[in-house]
Ligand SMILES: Cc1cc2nc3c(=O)[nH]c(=O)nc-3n(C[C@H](O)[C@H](O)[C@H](O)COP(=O)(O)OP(=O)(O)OC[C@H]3O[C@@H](n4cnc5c(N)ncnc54)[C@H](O)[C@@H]3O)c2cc1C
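What follows is a single chain, given as structure tokens, in the form predicted alone.
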Amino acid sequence: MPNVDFVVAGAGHNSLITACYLVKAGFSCCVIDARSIPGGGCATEEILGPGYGIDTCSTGHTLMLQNPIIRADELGLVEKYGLSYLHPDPVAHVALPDGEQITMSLDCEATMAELARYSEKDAQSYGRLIAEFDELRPLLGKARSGPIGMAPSMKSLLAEHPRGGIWARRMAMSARDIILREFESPHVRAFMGWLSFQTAVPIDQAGTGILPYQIAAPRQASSWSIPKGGSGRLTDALVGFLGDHGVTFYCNATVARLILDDGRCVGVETNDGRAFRAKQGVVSTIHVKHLADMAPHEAWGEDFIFGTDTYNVGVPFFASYLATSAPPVFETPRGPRTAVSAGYAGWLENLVQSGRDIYDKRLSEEVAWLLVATPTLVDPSRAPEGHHTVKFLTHTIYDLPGVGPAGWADRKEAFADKLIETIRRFCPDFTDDVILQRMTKSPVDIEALNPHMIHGAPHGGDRSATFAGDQRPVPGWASHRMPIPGLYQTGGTTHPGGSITGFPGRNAAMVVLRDLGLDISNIMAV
């Protein structure tokens, strides 16, 4: 087995980004992953037959566009490796329980006019929300585009801001409380709740108050941006960069344990007995709850083990992927509507209850939150001519009452039927004969495909106040260095969390390079 400077354990987009900056600095790397392909949750696969490119986890990359790796094209992923993004308009279309529907357009005035059909006051509140986020956006950029301890904290930035006290309280509140305060119409509240639940954190949790701003404003500015060709095109560009720098990939290789030498991590061993050794260190994107079991507990220390034991893995997902001969077309009094990002929202109280049900391990009786992604509306390259790919996504529980996780095998198709029937109320032409192929994945299936997604939760863990910032993943160990010397952690379990942002990967690279006496800005200047 190769003896390189760094072993990268896990090939999610964040660890690939870390590896890119390390090889840019002149270090050698190898990348190991349990799956047959790199990318983790950033993958596009032909699971429904040739020509149908299905995003098997992530689709939207809106927050990734704010990362210097894309914004400044630091690694040439855009210029040299062909990565490009599409910005669909409409941004979103959401159906509501009483048959009403709301369309979000890239034109903010048009979105406000849509909301004004329910409340002129709410339309003005929405416009104010979008405008006010501009004063917070640069602060978020500073706090999240640097590692904990190397970048200014949000608390310190707000302390110097003239309206910092307002934002500090908003960010400590729940999304539910923000929505109730700012909006009066149940329709607009449901729409804002649907947006806020996109990151799969129950919207009544403390610390989610930023979500109505953080999700609505960037999408209002640049849409639910998607890579042309599929989510996996980001992975392809990163793999291309790494391949050009001599990095070797070892897929179908599951890490079983860390190799320690005199208390220092010097490599990993896979479940087939292969040893991958590193001269400088190991970069992990293995979920921290699994990582803690890959070395003796005394090597981590009591506080770290307590932190991983109590870490909340987050909300499980349920997905159904379709190959179709037509997209879902929503019938409205104002004419037909389609959107790459569409869906259904229950009333705000239903959305709140669905999150509580999940954390209380109760299966909700009704569908409260549903995302219907049809990227082929703007990117026909993802399907044969005239055809479409459609993804139904919702939140649910992992452990079914009375039957446990194994019960999903018999229930998942009926559950998927329920999701489709929910949308057919508004899309009557989306009939069974339109659906050519279907694959359904319960939370159990999602976890089996990628063990990092514990219980089928793809976002790396809950991001409410208890598990954010310097609490993520474990208090005292939020700056990517782990208690075992030579071991670094990146990915969704680290600051600022899951979704396709690339910030955990770039931030981890900054820490590793700093420990080697290097500065990422100097490396990029070469």
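Owing to the predicted nature of the structure, the values given are computational and were not obtained by experimental measurement. Residue numbers run from 1 along the displayed sequence.
Although it is not shown, the form predicted in complex with the ligand is what the next lines describe.
**Student:** Of 91, 95, 368, 319, which residue is found within 4.5 angstroms of the ligand in the predicted complex when only non-hydrogen atoms are counted?
**Tutor:** Contact check passes for 319.
**Student:** Please tell me which of 32, 69, 54, 487 lies within 4.5 Å of the ligand in the predicted complex, judged by heavy atoms.
**Tutor:** It is 32 that has a heavy atom within 4.5 Å of the partner.
**Student:** At 4.5 Å between heavy atoms, is residue 119 in contact with the ligand in the predicted complex?
**Tutor:** It does not: once the ligand is placed as it appears in the predicted complex, residue 119 has no heavy atom within 4.5 Å of it.
**Student:** Report whether the minimum heavy atom distance between residue 350 and the ligand in the predicted complex is within 4.5 Å.
**Tutor:** Judged by the heavy-atom cut-off of 4.5 Å, residue 350 is well away from the ligand in the predicted complex.
**Student:** Whether residue 224 contacts the ligand in the predicted complex should be assessed with a 4.5 Å heavy atom distance threshold; does it?
**Tutor:** Heavy-atom contact with the ligand at 4.5 Å: present for residue 224.
**Student:** Can you check whether residue 294 is within 4.5 Å of the ligand in the predicted complex, heavy atom basis?
**Tutor:** Flag for residue 294 set to yes.
**Student:** Could you tell me which of 210-218, 351-359, 374-382, 279-287 sits within 4.5 Å of the ligand in the predicted complex, going by non-hydrogen atoms?
**Tutor:** Heavy atoms within 4.5 Å of the ligand in the predicted complex occur in 279-287.
**Student:** Quick one: which residues from 23-62 get a non-hydrogen atom within 4.5 Å of the ligand in the predicted complex?
**Tutor:** Result: 32, 33, 34, 35, 39, 40, 41, 42, 56, 57, 58, 59, 60.
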